[in-house]
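A single chain comes next, written as structure tokens; it is the form predicted alone.
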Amino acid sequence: MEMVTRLVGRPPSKLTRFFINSGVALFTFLLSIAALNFINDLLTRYPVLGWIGVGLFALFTLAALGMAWREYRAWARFARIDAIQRQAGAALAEDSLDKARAVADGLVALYRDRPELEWHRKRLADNRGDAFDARTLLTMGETELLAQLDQDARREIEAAARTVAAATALIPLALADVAAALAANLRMIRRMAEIYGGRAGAVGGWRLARTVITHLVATGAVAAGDDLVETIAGGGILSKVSRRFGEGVVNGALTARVGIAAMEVCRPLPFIAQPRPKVGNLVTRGLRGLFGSDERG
């Protein structure tokens, strides 16, 4: 999983991007010409079938435009989140209360249509006047609007880590556990976007996954850090009993790492007052749900 993460996170060269883009453009052009020629021949030989083809082609074009519009709206929301992240970082670095107020306004606008956060938005509106510095105001926004979302995100990471650990330990077929782990990670990343307001589309989900992997590689988080040593050690001990189960624990820990990176990419604010999730805690709670109750105190 670490090797795949590094390979996927490596950006393609300019020549590779030019080759792929030109190939896709050429294939789309040739396919369109072939479709138009085919419909033209139908109109000449069988007018009724030709008009049916024209109608189907128009419906497909409308569906393609609808898909493109949905992807554009999804990435527009990600652009809003990214702008809020950058503005929050600048507000903290410069201790600018005006920029912090703009960040708070952006958060309220981002979650305006979330009914479960209505009470928290009102509390932020009532208490934001008591903040006299940027960090205090951003801490209010994080506590009121993101604390509940962080809990939902943690549960998604725990569920994904549990799924990957179980798939690695129980599926004996070659590459089947890899496919299950990949599906669980992609689903987890999409859920991170939905929780924090991103709503990735079909193509946007893959682009978001690539962004998360790039973030992992750029920050060096794919390597075993302090919060992963205990989990890997536990996996090594369990591998004495069952090699597959030990691998499952380690892969579940790496999945938790991917989930934390997805939180950092999709979260509108950096972790200020709320504790940053740790791999060991997430994997422990996830495996607790695998073998019994995962109730939290």
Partner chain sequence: MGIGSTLMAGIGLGDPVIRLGVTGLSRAGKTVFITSLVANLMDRGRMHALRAAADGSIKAAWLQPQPDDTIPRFDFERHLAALTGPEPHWPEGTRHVSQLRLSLRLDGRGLLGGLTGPRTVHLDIVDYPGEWLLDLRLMEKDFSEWSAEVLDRMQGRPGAEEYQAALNGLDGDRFDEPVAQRLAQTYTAHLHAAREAGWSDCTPGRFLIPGEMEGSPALTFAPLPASFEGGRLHKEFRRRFDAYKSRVVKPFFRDHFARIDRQVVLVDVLGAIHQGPRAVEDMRRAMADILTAFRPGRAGWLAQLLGTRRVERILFAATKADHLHQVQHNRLTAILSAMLREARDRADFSGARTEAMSIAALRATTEDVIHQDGQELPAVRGRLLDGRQAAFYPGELPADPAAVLHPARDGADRWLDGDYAIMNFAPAPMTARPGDGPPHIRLDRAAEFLIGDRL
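Numbering follows the first chain given and starts at 1. The structure presented is a predicted model; accordingly, all values stated were derived computationally and were not measured.
Just so you know, the form predicted in complex with the partner chain exists too; it's not on screen, but the next bit is about it.
Three-residue candidate spot 126, 129 and 140; every residue lies within 4.5 angstroms of the partner chain in the model of the complex by at least one non-hydrogen atom. In the model of the complex, the partner chain lies farther than 4.5 Å from every heavy atom of residue 178. When the partner chain is considered in the model of the complex, residue 116 lies well away from it, no heavy atom lying within 4.5 Å. The partner chain in the model of the complex comes within 4.5 Å of no heavy atom belonging to residue 80. Although the partner is absent here, residue 97 is a contact residue: one of its heavy atoms lies within 4.5 angstroms of the partner chain in the model of the complex. Taking 136, 148, 214, 87 one by one, only a single residue has any non-hydrogen atom within 4.5 Å of the partner chain in the model of the complex, and it is 136. Checked against the partner chain in the model of the complex, the candidates 101, 187, 121, 210 yield a single residue with a heavy atom inside 4.5 Å, and that residue is 101. With the partner left out here, the partner chain still marks one of 72-80, 107-115, 155-163, 89-97 in the model of the complex; by a 4.5 Å heavy atom cut-off that stretch is 89-97.
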